[in-house]
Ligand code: GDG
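A lone chain, given as structure tokens: the form predicted alone.
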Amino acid sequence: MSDFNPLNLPLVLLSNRGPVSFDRDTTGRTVGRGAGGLVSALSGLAEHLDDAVWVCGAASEEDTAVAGENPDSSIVVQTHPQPHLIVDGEPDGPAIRVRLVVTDPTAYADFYSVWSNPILWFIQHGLYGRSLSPVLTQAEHDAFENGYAAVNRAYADAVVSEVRARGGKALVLLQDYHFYLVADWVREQCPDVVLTHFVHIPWPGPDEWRILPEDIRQRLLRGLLGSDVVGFHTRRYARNFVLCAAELLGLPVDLERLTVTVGDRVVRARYYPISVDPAALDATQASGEVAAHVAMLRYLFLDHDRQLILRVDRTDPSKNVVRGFIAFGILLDQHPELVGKVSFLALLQPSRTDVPEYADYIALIGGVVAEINARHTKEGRQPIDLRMVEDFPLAVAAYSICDVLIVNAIADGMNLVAKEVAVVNRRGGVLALSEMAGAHEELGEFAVTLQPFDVQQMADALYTALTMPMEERHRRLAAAAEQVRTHDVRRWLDDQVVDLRRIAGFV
């Protein structure tokens, strides 16, 4: 890890989910480490700095209990070799200081299940059809004020408390769409902070944001503009943000330099494509658990020169799972010689089932799969194996042996599955990648491009991928793997370091 803190300031991180979570078993309180590349990268950062604190939500009953035992203060968790809470004394290994924020359950439900998901998520992924949805009533206005804004204020207050405990100066890193109001509130009370906000999902142009009431969209934008830097995965998203500041707020902007002038400050929009941790993936792939899964998957799907199409996704409507299956059905309709020769393994994780649109989408997925399987089952073998499961070793095993990975998202901030497959696959696997996924900017030249609304085009692209000469498959895969390995998640952090140093005049 490079010297991330170029200003020699204390570090305050903010995200909705944190680096650790607490639970209970028969032995008492347990501590688990957060999953995912982002958590791993930011944890590695926080572990290597002397004065860093991670502000996050109390996500479980035991989190809330821990927070109640430490009101208005942070706790220290040693992360290696086994995560545990430090009650007395000093840690003797890598550790993270964590500030758990407890909010009113009703307010949090409005914040998360009414506004963050689905409204902001649907707007930023272009999921609203507009003819019938959304319908914004007084209930949504109230949920914004009493939920989204109130929870943002609670988290901002926690950040301010931690900054003030460090003398009023700190480097503040805010993460994602849950906290668009926080930066401006923190800057009001702590004007000497250096503040960045990274948005991990797509940022659409001004017209999508006009779905929201004028006062709400203006508050969201002005909240983000409390930052010194607003980060995105792609230049397109950064440019859309600057356009929003110009068209929806009437602020002076520079589209070439991607800057917005707010009073006497200049806010910079920047783009840093997030990535994966190849070393961690390599270690997982080398495990016995993955090897056992590989043996079983080969037996089920790859005997007698058969081929395997894979998708690993959440059941989020933005992932476009239904159209992907329809395209596969068309492929089998138009190329009957592939029936019985090509299987489609889908490892799907149910997502946000408390939101009606998500629950309906899961039902639709099941119906489409059943229809295609009924139409194309041959000699007792169904073409689609649909599993509702969240099993990372199983996913890595499937990554390593698939012939094609399908990612046909309607919109996706990045999509790390495509990058994971590029690192792990050993079979000359072909990326069939949506042009609407952020990963397409980096990996599109090595992939077969999918147009996510055109099911015939996707069916044709899948056929191209399945019939591509093996030499070309391996050439593309090697190039994609090289891109990912040289632009890993630590590079994502390092690139932000360089910009922060430049902005602060250190280089």
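Quick note: we count residues from 1 along the sequence shown, nothing fancier. In this text, all values refer to a predicted model and were calculated from it rather than measured experimentally.
FYI, the form predicted in complex with the named molecule isn't displayed, but the following is about it.
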- Partner-proximal stretch of 97-105, 427-435, 152-160, 413-421 relative to the named molecule in the predicted bound form, 4.5 angstroms, heavy atom: 413-421
- Among the candidates 180, 203, 328, 399, the residue which, in the predicted bound form, approaches the named molecule to within 4.5 Å (heavy atoms): 399
- Tell me, which of 133, 377, 261, 349 has a heavy atom within 4.5 angstroms of the named molecule in the predicted bound form? 349
- Task: Answer yes if any heavy atom of residue 314 is within 4.5 Å of a heavy atom of the named molecule in the predicted bound form; otherwise answer no.
- Result: yes
- Message: I'd like to know whether residue 85 contacts the named molecule in the predicted bound form, with contact meaning heavy atoms within 4.5 angstroms.
- Response: no
- residue 127: touches the named molecule in the predicted bound form, heavy atom cutoff 4.5 angstroms: no
- Task: Consider residue 197 of the chain shown here, and say whether it contacts the named molecule in the predicted bound form, taking contact as heavy atoms within 4.5 Å.
- Result: no
- Looking in the predicted bound form, is the named molecule within 4.5 Å of a heavy atom from each of 297, 308 and 446? no
- Task: Scan 388-410 and write down, in order along the chain, each residue with a heavy atom lying within 4.5 Å of the named molecule in the predicted bound form.
- Result: 389, 390, 391, 392, 395, 399
